[in-house]
Structure formats: C-alpha cells, structure tokens
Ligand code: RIB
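Encoded as structure tokens, the following chain is the form predicted alone, with no partner shown.
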C-alpha cells in the first residue's frame, strides 16, 4: 500500500490516454490507406507517461489526472498503482478516457492524433483539491494536454518545488507563464513558437538555439532544455550553454521518448542530481525507450539506464 500522506518527491499533473498504435511500413499520406498494419493497444498520455518514467527512474511519484468512468480509466488507475504511483488524486469524469491514435513507420517515426476526452476535465478545481500535495513536492512536472488554466493554477500555488513544464502540445503561453518556471523543456519547433509569441524578436531575425534560450531567460526561467531527437539536447542553464550529444541506438519506435526524458529528468532532480547529470540520465532513458515498441511499455527502469550509461 502507498502512504498517500507521505511527501512525494515528484508530483505530475497531466493527461492520461489509451494509445491505439498502428505499426505500418510507411506513414499514410492524405487520402492513402496503408493496409499492412500491426495493431497494439497500450496506456499513454503525456502526463501518465512522464509519471511512470519518473517512478521507474527512482522517484516517489503522485499523479493528478482525470480519466473516464470506463474500462480504460479503471485499467489505467490499477496499472499505475501496481507500478507504485500514488493514484489518490486520479479522479473520474463522465467524459471517456482520452484516446490517442498513433501511426509508427518502419523507421520509428510517428504521427499522432489525440481526442482529449476526460483530460479536458482536469480543471482548476481538481488542481486546487491537490494543493497540499503540490505544496510539499520537491519537483512538479507539467505538460499541456490538460487545460492551460489548470497548468497556471499549479504554477500559482505557493510551493518551493522545482517546476518543470514540457510545453507540448504547444499552447499560447505568456511571458508570465515562462517566468514562473524553473525548467522549460521544448523541442526545436516549440522553442521557435514560444520565442515568437513571448519575446517577438525583430521581424526577419532568426535566432539560433543559444540566442533563443537567452531571450527566454530574460523572462525569468532558469533552465531551458531543447530536445533535438537523436542529435541530443541543447542545454541553457545558469550562464552555461552547451550541446550534449545523443546516445546512438537502433530505434524501433520514438513514441514516448520525449515523455521518458521529462519524467527521468524530474526524478533525478528530485533525487538531487546536478542539472547536467540529470539531463544526461534523461537522455539515456529516452534513448533506451526508442528501442522498443510503445510508450509506457518501453520506459526503462533505473537499473537499466545506469547499466546503459556504464556500458
């Protein structure tokens, strides 16, 4: 049994989905039918994936989420509890559990469509009901598959926690949102969109990663991590900017790799690793996640990541 009154080192507030995965030879073009698919059903959602990744990376995790009053929702709660996640703040909605339809090609690339369902009901009231949990966390991990007002409500709660936002899928963040973060995790496209919306560089001016991250630091965020897929990450933190190369693996499916990165990063920061060491661990975890099909099923445990780093 989990002691839900105990301090949780990581609190994840976010989405839960069921993933319907089609593994195909090539991603279908508009109007095209690809008829050679292999079908898999699995649990997913950025919040759920990141909560599981943080747990498997060694953190004590509590998950705030809303699921449907359906088999998918019940299965998700049971599966997360078995993994050791505190699910006391997972609640039900009359809306169906969120659903993602995922196509994965033979190179491991994917395209995804998401029906939010119950995730849209993870509202400000649900966040406020978890305020004591949030206030005692060491790390708070957020994404943007729940209403933006709910994310802002978490950021507005008084807490000494290290706040991490994975700004995906992209919503219209404000400079004030960015300024309330300790760490922002984005990919290249999301970085460009946030800078364009929040900083508005001179018309026609294209910023490189270093310039873009510096512009975000002026808004108050301490760390910016730009994920670059197999190329690694660009890290901008406390006056230090550097590119960290990626780990080379034979990729089978990149679905969930970014979520694995974020959850592992949160866990290692909660366990008091240095920021760069936490990023390196997260990179290794994400690389390993690419070597198996699926999102949650591919998330590695802490010992596997440590062994990979030592190999």
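Numbering follows the first chain given and starts at 1. Being a predicted model, the structure only gives us computed values, none of them experimental.
Keep in mind that the form predicted together with the named molecule is missing from the display, and what follows is about it.
J.: Just one of 170, 112, 207, 228 has a heavy atom within 4.5 angstroms of the named molecule in the model of the complex, so which one?
T.: None of the others qualify; the residue that does is 112.
J.: Picking from 262-270, 41-49, 243-251, 281-289, which part of the chain touches the named molecule in the model of the complex when contact means heavy atoms within 4.5 Å?
T.: That would be 41-49.
J.: Looking in the model of the complex, any heavy atom of residue 65 within 4.5 Å of the named molecule?
T.: Answer no; every heavy atom of residue 65 is more than 4.5 Å from the named molecule in the model of the complex.
J.: Is residue 11 part of the interface with the named molecule in the model of the complex - any heavy atom within 4.5 Å?
T.: Outside the cut-off, so no.
J.: Does the named molecule get within 4.5 angstroms of any non-hydrogen atom of residue 299 in the model of the complex?
T.: No, residue 299 stays farther than 4.5 Å from the named molecule in the model of the complex.
J.: Any chance residue 145 has a heavy atom within 4.5 Å of the named molecule in the model of the complex?
T.: Judged by the heavy-atom cut-off of 4.5 Å, residue 145 is in contact with the named molecule in the model of the complex.
J.: Using a 4.5 Å heavy atom cutoff, which residues in 250-287 contact the named molecule in the model of the complex? It's fine if the answer is none.
T.: Residues within 4.5 Å: 255, 256, 259.
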